[in-house]
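Read the single chain below, which is given as structure tokens and is the form predicted alone.
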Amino acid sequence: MRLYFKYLSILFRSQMQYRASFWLLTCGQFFSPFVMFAGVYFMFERFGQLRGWSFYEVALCFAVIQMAFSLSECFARGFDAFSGLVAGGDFDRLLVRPRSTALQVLGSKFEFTRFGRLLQSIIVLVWALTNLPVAWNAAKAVTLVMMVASGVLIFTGIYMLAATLCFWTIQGLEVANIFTDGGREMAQYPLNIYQKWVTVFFTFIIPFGCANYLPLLYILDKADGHEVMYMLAPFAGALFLLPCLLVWQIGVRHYRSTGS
């Protein structure tokens, strides 16, 4: 972790060398998600509710997944830009260093301008929570934090799987955006508004539902059955990351240098 924070410090200082550009990009990231949130707002202005969900309940769902996405984009950007390391042969340098390749790739790039998007999500989160009659306790507060952390791990795992494909395809594949950008758009609404196969896929295969929808039912007192199961659902994010790391190790073993 000391090495990871060293990467963090170096890249932050390098990006702050162009402070005007940094703050302009951060402001752009702050305002751009408002377009998506405006779509949610106007939909509820027109229809009032969505399959029994109120505006502020969906706003909470929206804020959690947007926070997870922005944190993942900030701290796991190295995997998203991994194709450049493979195409240029720079991944060879990482292989001869006595540290994990996953850690080195993770620390190769950070997008601190995504804090603008994170700030917007926090504002929406606070707005939603102040307008929801939630009976808060320590368990619900911890569950909310775990929801965000789980979402970060899931997005990071998807980035890692997309990066692993680069060992065979060299260039990154845009199909991965179906599960990153598409997953973000889908998970910002409760899963029960979709068809059953969508709910099953995004609960048991890519567990966005475990990071957002199921624990949200517990927080809003809508859970049926054992509440502990809904509280523990965010741990699926960590379980999802484990096979992603395994696939990454398989990809590393099959890597062939570009020879440049």
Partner chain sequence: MIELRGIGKSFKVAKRSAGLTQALKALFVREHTVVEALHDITFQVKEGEIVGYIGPNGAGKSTTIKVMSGILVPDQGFCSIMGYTPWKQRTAYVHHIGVVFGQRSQLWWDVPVIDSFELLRDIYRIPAAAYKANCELLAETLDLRDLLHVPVRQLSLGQRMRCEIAASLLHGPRILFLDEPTIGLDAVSKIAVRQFIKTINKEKGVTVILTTHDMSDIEALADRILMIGGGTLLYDGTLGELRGKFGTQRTVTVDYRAHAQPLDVPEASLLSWSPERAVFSVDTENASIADVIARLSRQVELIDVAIETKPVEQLIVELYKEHDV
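Being a predicted model, the structure only gives us computed values, none of them experimental. Residue numbers count along the first chain shown, from 1.
There is also a form predicted in complex with its partner chain; it is not shown, and the following applies to it.
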{"item": "Contact test, all of L3, Y7 and R93, partner its partner chain in the model of the complex, heavy atom 4.5 Å", "value": "yes"}
{"item": "4.5 Å heavy atom contact, T101 to its partner chain in the model of the complex", "value": "yes"}
{"item": "Partner contact for Y18 in the model of the complex: its partner chain, 4.5 angstroms, heavy atom", "value": "yes"}
{"item": "In the model of the complex, G182 touching its partner chain (heavy atom, 4.5 Å)", "value": "no"}
{"item": "is_contact(L11, its partner chain) in the model of the complex, heavy atom dist at most 4.5 Å", "value": "yes"}
{"item": "Listed range touching its partner chain, judged in the model of the complex by heavy atoms within 4.5 Å, from 128-136, 84-92, 112-120, 143-151", "value": "84-92"}
{"item": "Partner contacts in the model of the complex for 70-87 (non-hydrogen atom within 4.5 angstroms of its partner chain)", "value": "none"}
